[in-house]
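Next comes just one chain, in structure tokens: the form predicted on its own.
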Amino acid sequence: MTMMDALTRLGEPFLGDLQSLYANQPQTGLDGKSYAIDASTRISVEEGLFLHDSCRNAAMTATLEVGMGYGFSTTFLLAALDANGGGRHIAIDPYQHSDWDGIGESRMASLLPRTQNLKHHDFTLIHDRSDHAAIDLERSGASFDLLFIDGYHRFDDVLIDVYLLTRLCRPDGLIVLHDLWLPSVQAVQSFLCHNRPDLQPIPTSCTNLAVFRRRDTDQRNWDHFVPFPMAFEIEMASES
């Protein structure tokens, strides 16, 4: 069975929508026009199924993602919530209209009415920076079972997203970082492994994902810091 064949377990309407995306078919924007999509901007089927299965297996009811784009990951997570009997998903993307022609938002408006257990209000798109949105969500008392971080990929942006959004993660919830091929994301992964004992690294066959489970609250001292090696330093040490 190929990874594309594995999509069939999601069922409709999610299956047809994802098949269209992975086939690079033009998608409809908020203005009703058809736009070509950038095939390099996506999560893989394997990564999407990891998000979906993690949500399904733990019967999650609340998920959040930073960076929506065309809505690949959004669709996988909504499929899981629908199969779980319903839930809430929030996407944070200040560039949905300017950079993505509103394709992700348009797709969700078409998708949600065709689901079994999800309503329009079960999906929220926040058109704001992730640091602003995270603080607003914390103040509102929001919490989530799974956080997928796939926004700006500069080291400090990823680290800030993790720092702020982890406070919204429920006990035993997951924090998932995308694009582990980037040194900036690798550095955040290394920092977390060495400096956040409340976050337990979770092995996964998806080599482009770094996954952590929230096991406790952050109880570090005010001056806590453990030096953390970069990926190239680990590689050099192993070769010496």
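The numbering used is simple: start at 1 and walk along the sequence shown. Because the structure is predicted, anything quoted here is derived from the model rather than measured.
Form predicted together with a small molecule: not shown, discussed below.
Q: Please tell me whether any heavy atom belonging to Val66 falls inside 4.5 Å of a heavy atom of the small molecule, as the geometry stands in the model of the complex.
A: Contact with the small molecule, yes.
Q: Considering only heavy atoms, tell me if Thr207 and the small molecule come within 4.5 Å of each other in the model of the complex.
A: Heavy-atom contact with the small molecule at 4.5 Å: absent for Thr207.
Q: Does the small molecule come within 4.5 Å of any heavy atom of Trp100 in the model of the complex?
A: Trp100: contacts the small molecule in the model of the complex.
Q: Does at least one non-hydrogen atom of Pro94 fall within 4.5 angstroms of the small molecule in the model of the complex?
A: Although the small molecule is absent here, Pro94 would touch it in the model of the complex, with heavy atoms inside 4.5 Å.
Q: Does the small molecule, in the model of the complex, lie within 4.5 angstroms of each residue among Phe144, Val188 and Arg214, using heavy atoms as the measure?
A: Checking in the model of the complex: none of Phe144, Val188 and Arg214 is within 4.5 Å of the small molecule.
Q: Choose one stretch from 167-175, 56-64, 198-206, 39-47: the one whose residues place a heavy atom within 4.5 angstroms of the small molecule in the model of the complex.
A: Partner-contacting stretch among the options: 39-47.
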